[in-house]
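The chain below stands alone, shown as structure tokens; this is the form predicted alone.
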Amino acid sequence: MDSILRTSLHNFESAAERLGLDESVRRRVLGPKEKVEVAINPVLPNGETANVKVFVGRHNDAIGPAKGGIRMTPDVTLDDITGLAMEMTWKTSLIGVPFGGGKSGIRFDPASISADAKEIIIRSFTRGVRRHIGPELYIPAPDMGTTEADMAHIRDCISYSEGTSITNGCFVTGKPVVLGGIVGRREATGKGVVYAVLAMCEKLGLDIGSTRVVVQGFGNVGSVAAAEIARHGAKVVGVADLSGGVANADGMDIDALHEHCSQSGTVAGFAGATEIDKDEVFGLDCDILIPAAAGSQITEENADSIRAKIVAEGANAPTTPQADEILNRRGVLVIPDILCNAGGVFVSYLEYTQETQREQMTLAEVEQRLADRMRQRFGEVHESARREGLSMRDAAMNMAVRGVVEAVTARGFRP
């Protein structure tokens, strides 16, 4: 069983125990409702036929249609998709949008192919899983290895097959703005992480301008979070990606790091910092650590080396249950992923409603609604944790699972 799925199951079972869920309700909520594996065999521009496994999982749709990104990596598994879909169920419930949890995967390395070849694979994926995608069924979005351009190709593939100029409803979020996307969607997850950090600092009486921050992962989430938190005055003293890490105790120029990364493809070699091993970032002296890369990065092997006061989970399931126990025991405050990185799905909901109603929102409206929702939900989770003597993860899971159980019970137990 994949570590992401193990973490997701552990978090649910712990919440189910705390809530005293009846076994029949527990089984209904545990899911998944559906998980499928599909083979696609597109012919690439070089004439070769690619044999690609793709996966789609819908964990729970009691509150609404499944929502979750498309992960395109060479090692994604059905277990990954199942665990991540479960995480999305709790995230959408907690942040308060009428969606359930879903996820999909394409087992292929996007870095190994041209843009034309990727478009062919994305369109083949769309045709292969078309019966599983729809505004009232499952609405994909970008995730690791996929972009807004891929979402545009999915939307075009569906509308073309239906003989229409646009899709009838919102089939996919994270699209280019010109094709019905929403302004601010790309930055939403990273900015949501920072809004959660600001709320935590406020609770602790900690001045964000005096903090030192380490960011693990410099993709869409990590790069935006680094830039945004630096804009609030924090010093970003360490950054890592798949290829390496850089550190500067006096803080880094994030704009310059962005420029370096856009030219070289990695943070390694950045002139404004000292090069370190990518795993060394976890042990850097800092106040705030933002893991914003893959799952299961904070483990029992490195949890004791973390020196941060706050861990803000920008990635999905970055902390294993064993590491979580160590951090809790040491008094490290963890802002859990289902709260901390929920900004992306919240703004995806705004995009869904905008496209459904044929409206347009301004960037100011989007950012204000995102900031308000993150502060509101953070406050509710923090208060629940304080009142019940729980970690923020346990309090967040209790609230999220309770919401799904309420929806399942309200729907009734008969077909």
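If you're wondering where the values come from, they're calculated on a predicted model, not measured in any experiment. Numbering starts at 1 and runs along the sequence shown.
Below, we turn to the form predicted together with a small molecule, even though it does not appear here.
Just one of 217, 192, 100, 83 comes within 4.5 Å of the small molecule in the predicted bound form, counting any heavy atom, and that one is 217. Site annotation in the predicted bound form: the residue of 333, 242, 179, 149 reaching within 4.5 Å of the small molecule with a heavy atom is 242. Look at 123 to 131, 138 to 146, 165 to 173, 304 to 312: in the predicted bound form, residues with non-hydrogen atoms within 4.5 angstroms of the small molecule sit in 138 to 146. Contact check for residue 297: a heavy atom falls within 4.5 Å of the small molecule in the predicted bound form. At the 4.5 Å threshold, heavy atoms of residue 221 reach the small molecule in the predicted bound form. A residue is said to contact a partner when one of its heavy atoms sits within 4.5 Å of a partner heavy atom; residue 92 fails this definition for the small molecule in the predicted bound form, lying far away. A residue is said to contact a partner when one of its heavy atoms sits within 4.5 Å of a partner heavy atom; residue 292 meets this definition for the small molecule in the predicted bound form. Contact check for 71, 316 and 341: all three have a heavy atom within 4.5 Å of the small molecule in the predicted bound form.
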